[in-house]
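As structure tokens, the next two blocks hold two forms of the same chain, structure 1 and structure 2.
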Structure 1
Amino acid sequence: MTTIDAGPAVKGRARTLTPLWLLLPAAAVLLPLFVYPIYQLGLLSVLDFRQAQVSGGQPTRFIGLDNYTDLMSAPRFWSVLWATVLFAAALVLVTLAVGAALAVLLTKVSRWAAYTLSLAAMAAWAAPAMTGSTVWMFLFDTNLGLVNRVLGWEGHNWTYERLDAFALVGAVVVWHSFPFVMVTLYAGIKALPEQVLEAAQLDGANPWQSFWRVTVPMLRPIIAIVVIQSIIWDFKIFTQIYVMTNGGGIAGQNLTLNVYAYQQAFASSEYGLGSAIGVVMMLILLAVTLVYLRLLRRSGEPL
């Protein structure tokens, strides 16, 4: 910093200043935009902050960890946390299985077929979550939906049973997220030295064996990255659940932490409690992201 008034600018010193000027705008924007809301999040989570305080009718009151103890003692919180973890785990497994299978498929078909598939998949990936949720809702509509018509199940309500609803939402999420896994793993497979897979084939390995014994071990770093990205993605699912189960399903049976936090804050006007859930969410994802960063570093990605 003091180099500025250090007389005539020496070339070497001028160069060390450049990163600062290049990074300053981004930092100046990000720090207040990110740090202040996080500070506010922590603050709200220890306040009694509801509709009355929002409208200014009552003063905000410091209540310490009461929001957290309320949350921890609520059976609903634990059931929602469980549902979130199980739902995300199931989604990660299915997305990974589908994505990996299709990545292998891409290596087997002609170039044109591979191109068409990845085009179609990327369209699904990039489609707004709102569009995806809306279409699938129409497709699975109780009375008018195409699916019920084809299956001859007219009148079957896909969001009535808890598991049915989770499965339907899960199908949409997988539809949105398998393309990322597919293209990433495919890029990984293509980057593998060709001779290795050919050698396995010459040694008489069938596709199944060469996938598990050769491709998977060699792609381990990329698979780890894809798994963690999927965990983070699937933990944050909001739009699909909110839209398709109408804000968390019948009596909140399809709530996940994400939707629960939103519902507490905005539907019940319990902003303090909603923030406490937000803090819990943040800590969980922080832990996952730190694992991710360690993996990246270990796989040699220069950060």
Structure 2
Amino acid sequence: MTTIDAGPAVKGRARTLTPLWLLLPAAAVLLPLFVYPIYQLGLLSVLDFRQAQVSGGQPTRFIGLDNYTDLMSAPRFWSVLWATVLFAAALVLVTLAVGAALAVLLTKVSRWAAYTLSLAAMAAWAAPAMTGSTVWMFLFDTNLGLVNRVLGWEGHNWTYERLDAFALVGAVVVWHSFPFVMVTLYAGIKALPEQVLEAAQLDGANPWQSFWRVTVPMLRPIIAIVVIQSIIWDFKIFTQIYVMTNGGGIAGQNLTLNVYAYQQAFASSEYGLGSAIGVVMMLILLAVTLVYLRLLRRSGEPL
């Protein structure tokens, strides 16, 4: 009985399709959870949908791109957009630096010290954003806060000045976010082959050179995942800003796009305009992710 060789073309096609088949169960669950909300968001963004339409007093009208035109012509939108971009970029850099430093530290300290640090980080990670923001507000309270008493700055309002408020909120966000970076990079470092690191030491590389020239390039795919996740999380921050600055700060000086969209949709009952802001945010994050993945592909890194 003779066997027929399928040939390299058929085998190659099978290898290409196998990962897609394996992704089907997850796609069957996740796609409905994402596609329908995105569809509804896009639909509302092209409608005249306000409180009158919600209550049924007026019919819903299709207005095309009018909401986007109004949004792009509003100076407030552009100021909030740039503030959000700069704030998110600073948070990503600080979170990555803190998480990477602690990941390296975990590989250097004793086992019990590593357990203690990991437990403290997991406690910060597990704390809900609302709870963490409220606790930090107690610590930095103007009259009764522990921080003001220790520093001798009783009466100092940490959310009155724009930069102080952003710095305080940023500290809370980094506190919530660095454990993910730390744990992910620590796992990547522990998975690196020890022979490569030993070879770098034999070649005369000091720990700093070994980290930047050996460890970081080998961790680049993991760093890509961490950076993309951090950009998405930090760009769409809502809870910390809303709770700690009482809805965006004095005269909206600490607004981010997510809080701005909430204000337009629910405080002003401009649901179509708020949905348009949500669509713009989604497109920005999608563009950033695609650009970053394209740069990694050009550099030859596997994804």
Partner chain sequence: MTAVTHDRTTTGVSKETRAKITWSLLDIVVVVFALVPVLWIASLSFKTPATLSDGNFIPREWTLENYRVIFSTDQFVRALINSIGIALIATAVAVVLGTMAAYAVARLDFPGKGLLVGVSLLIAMFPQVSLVSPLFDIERRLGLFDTWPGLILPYITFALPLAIYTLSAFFKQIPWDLEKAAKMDGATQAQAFRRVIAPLAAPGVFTTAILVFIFCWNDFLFAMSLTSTEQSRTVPVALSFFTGESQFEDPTGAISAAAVVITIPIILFVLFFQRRIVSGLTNGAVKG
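Residue numbering: structure 1 sequence, from 1. Only a predicted model underlies this, so the values are computations on that prediction, with no experimental measurement involved. Just so we're on the same page, rigid core means the largest C-alpha set that superposes within 1.5 Å between forms.
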Completion exercise
Block containing the form predicted alone is structure 2
Handout entry: Core-aligned C-alpha movement of P128 between structures 1 and 2 reaching 2 Å
Key = no
Problem - W208: Cα shift of 2 Å or greater between structures 1 and 2 (core-aligned) - result: yes
Exercise for the section: For E198, decide whether the Cα shift between structures 1 and 2 is 2 Å or greater, given a superposition on the rigid core. Expected result: yes
Problem - Shift in Å of the Y36 Cα between structures 1 and 2 [rigid core superposition] - result: 2.9
Problem - Angstrom shift of the Cα atom of L24 between structures 1 and 2 (superposition on rigid core) - result: 9.0
